[in-house]
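So this first bit is one chain, no partners, the form predicted alone, shown in structure tokens.
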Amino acid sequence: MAKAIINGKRSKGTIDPNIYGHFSEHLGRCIYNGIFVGENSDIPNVKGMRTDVVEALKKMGIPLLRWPGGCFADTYHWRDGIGPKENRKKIVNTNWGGVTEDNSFGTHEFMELCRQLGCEAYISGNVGSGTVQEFSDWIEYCNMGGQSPMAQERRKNGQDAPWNVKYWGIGNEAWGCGGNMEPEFYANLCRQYSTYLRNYDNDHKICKIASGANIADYHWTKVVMEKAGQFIDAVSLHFYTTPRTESWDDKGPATGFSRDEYYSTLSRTLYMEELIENHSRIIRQYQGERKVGLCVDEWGTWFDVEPGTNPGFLYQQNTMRDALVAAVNLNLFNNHCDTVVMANIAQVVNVLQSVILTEGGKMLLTPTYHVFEMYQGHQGAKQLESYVETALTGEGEHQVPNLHISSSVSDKGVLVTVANLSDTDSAKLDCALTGMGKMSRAEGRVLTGERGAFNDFGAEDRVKPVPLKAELTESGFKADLPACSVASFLLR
């Protein structure tokens, strides 16, 4: 019996809903055919946005969407994507697949998507190949409510009221595809850009997010915070989970993987906690009196592409292994909500660890989608200190704790989310809730299957949540967690 304790008297604060954010890039079939099919498509849509995808994302509770990249962001010039579609410039997407980008999905289309989803917009600006003027004009175009050249141009293009976009990324991966910059050079650029990224409404102040480190590049975070920390509101962090770390050309398959690759993936994703703690420690050291947050605005699994697909499209299947990676990371973000203010899984449709896959007019929900849906009650809730007894599972150097937990409380009740990482052994959980009184009702759900189980077209519901019995006790509840599972418990 694994003992767990949820302490109702200790909390790190409110779990920012944006921790459950997503990422959409002009990459492969994420935007085109995944989200956007155009108004003339036979696929049901509203203003070009796929109805089935929009409804699924709304049901999952998407709070925020990042766009247009990624590496694409630092080659993207926003004026190419506004105005009549027939006049928009066609370019080659040199980052992803060498395909033609017709810019039919631009700023107005992205903001329409966010309107339909009811979510916040997070726009990554072009620092790598753009200019300060270009970035400044984009914010004015989106956020100026009064009279100005950019506001007038926006109105001419059909949008009278400002969108008041809050979240703006000052470049993307400036250490790599965003310009191959040294941290000192980027920090000075960040100061310069930040100076001209202005607020146009005191009631809608923007949040400036600096391009942060690649994995454990703590020197990058130190330099950016030391030189530009007083000019920004958050710093980003990118970390992708792969089963093999020797070469990016051989990351391992998304399906049909070995037991060793299953555990190496889980072991690798647990490294996220060390990264969060170390980068957050540096941020706190240099933030001064104003709080600077950590945005993990690219995370998730990255495997070899599916056989027969364009290598530049990064299309991969999604198994129970991915579901456990999602559960572990979301638990970690919840438990570090005092510093992590946003996270964006990569990517929302048809790319990397997607929550949705499409094929023509067909759509399916991945195991990762179901984890986000099961965890959505954490959004905006008060995090609670959680502890669970664990045993090591796995083999050799890739052993990991078998259980991983987080919890929160809101007006809906206490939500406890637990992942059982063992692919062979179930676990009996005895969870005590302290400082909250006795509960009168417990509802459990579980997502489970063989470690390589996945949903496919023609078998869309192979992996989906089902009810899980939770027995109330004097102090909390008991439940049996199947092997390779993600469970959620709502207690009232």
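Numbering starts at 1 and runs along the sequence shown. All values reported here derive from a predicted model rather than from experimental measurement.
The form predicted in complex with alpha-L-arabinofuranose is left out here; the points below concern that form.
Colleague: Okay, which stretch from 446 to 454, 66 to 74, 431 to 439, 462 to 470 lines alpha-L-arabinofuranose in the predicted bound form, with non-hydrogen atoms inside 4.5 Å?
Modeller: Going through the listed ranges, the match is 66 to 74.
Colleague: Could you confirm whether F23 comes within 4.5 Å of alpha-L-arabinofuranose in the predicted bound form, counting heavy atoms only?
Modeller: Result yes; F23 sits at the interface with alpha-L-arabinofuranose in the predicted bound form.
Colleague: Do S422 and alpha-L-arabinofuranose come within 4.5 Å of each other in the predicted bound form, heavy atoms counted?
Modeller: Judged by the heavy-atom cut-off of 4.5 Å, S422 is well away from alpha-L-arabinofuranose in the predicted bound form.
Colleague: Report yes if any heavy atom of W163 sits within 4.5 Å of a heavy atom of alpha-L-arabinofuranose in the predicted bound form; otherwise report no.
Modeller: The answer is no: W163 has no heavy atom within 4.5 Å of alpha-L-arabinofuranose.
Colleague: Under a 4.5 Å heavy atom criterion, is L27 part of the interface with alpha-L-arabinofuranose in the predicted bound form?
Modeller: It does: once alpha-L-arabinofuranose is placed as it appears in the predicted bound form, L27 has a heavy atom within 4.5 Å of it.
Colleague: Within 4.5 Å, heavy atoms only, which of W302, W138, Y167, Y315 is in contact with alpha-L-arabinofuranose in the predicted bound form?
Modeller: Looking at the other structure, the residue within range turns out to be W302.
Colleague: Only one of R191, K222, H238, K208 comes within 4.5 Å of alpha-L-arabinofuranose in the predicted bound form by heavy atoms, so just point that one out.
Modeller: Of the candidates R191, K222, H238, K208, H238 is the one lying within 4.5 Å of alpha-L-arabinofuranose in the predicted bound form.
Colleague: Do any residues of 419 to 453 have a non-hydrogen atom within 4.5 angstroms of alpha-L-arabinofuranose in the predicted bound form? If so, which ones, in sequence order?
Modeller: The stretch does not touch the partner at all.
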